[in-house]
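Take a look at this single chain, the form predicted on its own, given in structure tokens.
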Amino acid sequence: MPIEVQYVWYTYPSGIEALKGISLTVEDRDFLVIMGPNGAGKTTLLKTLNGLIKPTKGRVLVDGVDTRHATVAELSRKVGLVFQNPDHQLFCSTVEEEIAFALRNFGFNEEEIKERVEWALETLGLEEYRDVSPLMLSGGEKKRVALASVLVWDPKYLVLDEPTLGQDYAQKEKLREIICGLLGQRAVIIVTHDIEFVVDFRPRPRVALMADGRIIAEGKAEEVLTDPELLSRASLVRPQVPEVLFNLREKGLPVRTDVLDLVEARDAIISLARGLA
């Protein structure tokens, strides 16, 4: 069964209306990226998925369970949320203890905890930091610890809020490799401003754009992330490949602009050049 966000509204106690009639479905093994400007409601939406925020109106169902009638602990077993700021979820004395903490709370036996922690340390490249306080690490390293501490319990839905913040190119590529290895095993939901990080995925995700508490577009990355009007409404910069193609079209060349892949763009330009020769 999927996650179903059914016409969800949420108003903060301050009176700010963060979500305005959001409807969205996340199927098993889905790959969804949510993008939009600051204040669009992206993080608020993520927090409704594991019950940290209960809808003011509408409802969220996780595998048929209404989040309004379940605890965060119950929902977190299925929906693993990695916060944008890792300092909001790191508190143990060592990295190893941090990764093992949730497993003990969920009742895993010590032998399985040890196996899972070792896997997480190796997968995220954290072996050398096992005895180090997570609070002493760099921002990028803290991100990896936070991801490891959630990934280790194998949630059905993995939710990542701005995972590339504080990561250099090599760390982003490692993160992409990890996420790609998870696709097909569980649903992955990512909130990010990093449009180039999104377009380099294979397979590419479904993309939902948000603005002013609403979803303004949803569809294939090739369609959504090459639409200049939608990107402008979502305060996103056009990806590099379609940007080049749009510039060529503005100069009078009848080249396709709904292309995100560099190789496909190259082939389109070569084909066009041959036709004009």
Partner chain sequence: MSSLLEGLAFQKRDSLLHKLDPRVKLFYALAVMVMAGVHNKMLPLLVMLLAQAPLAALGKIVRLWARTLKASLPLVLLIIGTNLFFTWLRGSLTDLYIVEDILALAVRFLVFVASFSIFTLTTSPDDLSLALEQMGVPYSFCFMFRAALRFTPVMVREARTTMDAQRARGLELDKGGPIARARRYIPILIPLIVNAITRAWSMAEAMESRAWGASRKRTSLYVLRLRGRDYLAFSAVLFSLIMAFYAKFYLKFPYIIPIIRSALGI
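Just so it is clear, the model here is predicted, and its values are computed rather than measured. Residue numbers count along the first chain shown, from 1.
There is another form of this protein, the form predicted together with its partner chain, and it is not shown here; the text below is about that form.
In the model of the complex, which of the listed residues (I195, A102, L126, I190) lies with a heavy atom within 4.5 Å of its partner chain? If I apply the 4.5 Å criterion carefully, the residue I get is A102.
So which of E111, D87, E122, E177 reaches within 4.5 angstroms of its partner chain in the model of the complex, heavy atom to heavy atom? Selected option: D87.
Looking in the model of the complex, is its partner chain within 4.5 angstroms of a heavy atom from every one of K47, A73 and L135? Per the other structure, all of K47, A73 and L135 touch its partner chain.
Flag V244 as yes or no: does it have a non-hydrogen atom within 4.5 angstroms of any non-hydrogen atom of its partner chain in the model of the complex? So V244 does not count as contacting its partner chain.
Although its partner chain is absent from this view, report whether W153 comes within 4.5 Å of it in the model of the complex, heavy atoms only. Yes.
Taking 4.5 angstroms as the cut-off for heavy atoms, does L248 touch its partner chain in the model of the complex? Although its partner chain is absent here, L248 would stay clear of it in the model of the complex, with no heavy atoms inside 4.5 Å.
Tell me, yes or no, whether F83 is in contact with its partner chain in the model of the complex, where a contact means a heavy atom of each within 4.5 Å. Although its partner chain is absent here, F83 would touch it in the model of the complex, with heavy atoms inside 4.5 Å.
Quick one: which of 26-34, 226-234, 211-219, 47-55 gets within 4.5 Å of its partner chain in the model of the complex, going by heavy atoms? That would be 47-55.
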